[in-house]
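Here we start with a single chain on its own, the form predicted on its own, put down as C-alpha cells.
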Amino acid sequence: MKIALQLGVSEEETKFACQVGVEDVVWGVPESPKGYLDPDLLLETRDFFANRGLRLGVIENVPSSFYDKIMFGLPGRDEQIESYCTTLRSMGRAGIKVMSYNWMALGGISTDQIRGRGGALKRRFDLDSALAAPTAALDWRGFFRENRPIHLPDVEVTTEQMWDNLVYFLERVLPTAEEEGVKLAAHPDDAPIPSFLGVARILNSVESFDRLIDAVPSPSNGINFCQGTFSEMPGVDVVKTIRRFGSKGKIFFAHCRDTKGTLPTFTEVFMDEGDTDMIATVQAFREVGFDGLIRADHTPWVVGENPHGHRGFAYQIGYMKGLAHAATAIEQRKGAA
C-alpha cells in the first residue's frame, strides 16, 4: 500500500507532502459550473503534481452538484450521468485510475467538537444531539471550508429508493469505467446511521457493501475502505472486514483514521488512542495484497494549526509510516524464524 495525502493545487501543500515523505496524492475536486471534469483540467492537475515529484492516483468526492439529481432520483439525472461518464473518460485519458465517491445525499453528519488529549479538538458524533438539532449536524466539514453550502432536503427518499438510484447510476457508469480502466470506490456513510431528515443512508454496514458489490458485478465496482467509518459501526471488526473485502480484490482505495466508541456516540481520535488495532490493519492490508493508496483521513486540530491541518497530518503520516515499518519488521522476523 502507498501512503497518501489529499492535497489542493498549491505550492504550500505540495511542499508539505514532500517534506513528510509522501509521494502519492488524492485530489478533491472544486465546484465547477460544467458539472464534470474535462481532460485538459485533469492533465494540467496531474502534471502540476508530477512536476513536484508527486503522483496523482485518486479523484475523491466530486462536488455533490455533479450528481445530486442522480442520488435523489430527480429529473435531469440522465444528463448528470452522461457528465459523470465524461469525467471518467477524462480520468482514463489522464491515467488516473480510481474515482472515490460517496452516496451521502446530505453529506457528512457530525454534531460537535470536544477537547481531547492536551486540548486537541476532536470531532464527535452523538445521535441524540443530531436528532435534536438536525440542520446543525449537516455538512460538518463546512466549519473548516469556505463556501460550503448547507443542503436541506425537500423530498423524502426511502432505503429502497436510494438503492434503486444507486443501482441505476452504477449500471450506466460502470461500462464507461471499465472501458477507461477506472475503478469506482464507494465510501461508507459517515455517520453510518440508517436515515436523516427523511433521506435514507444505505452504505452504513458491512452487509450493505456486500449488497453494493453483488448488485452490479463489475471489476470496476468496489470500496473506499474508510477504517474510521467502519470502526464507527457497532459490532464491526475492522481487521476482519479488511480481509473480507480485500480477499475479493474489492478494496480500491482506503482511509486511515480511528475512533473511540461506536454509534450512537463516537469521537475521532489520534491513531494511537482509538479502539482499533492499527498494526493489525496494516498487516491485513498486506495479507490481501492491497497495493493502492491509503490516505491519512481527518486529524484532530492541534495547537498552532494552519488551515490545512498540517501539524495534525504530520503526526498522522509519521504514525502511518511507523506502522508500515513495524509491519515489515514483524514479517521479516517471522520469515527468519
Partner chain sequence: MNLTLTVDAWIDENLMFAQQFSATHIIAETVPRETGARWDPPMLLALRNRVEKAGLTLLGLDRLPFSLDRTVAGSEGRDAEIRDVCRFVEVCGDAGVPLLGYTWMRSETGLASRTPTGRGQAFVASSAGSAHGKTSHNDPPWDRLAYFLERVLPIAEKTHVRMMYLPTDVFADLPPEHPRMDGVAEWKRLMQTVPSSCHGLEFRSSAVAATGADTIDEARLLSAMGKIFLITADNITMGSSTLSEAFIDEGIVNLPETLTACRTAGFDGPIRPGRQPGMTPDTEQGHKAMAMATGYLRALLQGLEAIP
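Residue numbers count along the first chain shown, from 1. As the structure is a computational prediction, the values presented were derived from the model and not from experiment.
Although not depicted, the form predicted in complex with the partner chain is the subject of the following passage.
For the candidate spot formed by 314, 321 and 330, every residue has a non-hydrogen atom within 4.5 angstroms of the partner chain in the model of the complex. For the chain shown alone, residue 302 is a contact residue for the partner chain in the model of the complex, at least one non-hydrogen atom being within 4.5 angstroms. A residue is said to contact a partner when one of its heavy atoms sits within 4.5 Å of a partner heavy atom; residue 298 fails this definition for the partner chain in the model of the complex, lying far away. Put simply, residue 310 is close to the partner chain in the model of the complex: some heavy atom of it is within 4.5 Å. Using a 4.5 angstroms limit between non-hydrogen atoms, residue 41 is distant from the partner chain in the model of the complex. With the partner left out here, the partner chain still marks one of 114 to 122, 203 to 211, 169 to 177, 261 to 269 in the model of the complex; by a 4.5 Å heavy atom cut-off that stretch is 114 to 122. Residues from 9 to 28 that approach the partner chain in the model of the complex with a non-hydrogen atom closer than or equal to 4.5 Å are 12, 15, 16, 18, 19, 20, 21, in the order they occur in the chain.
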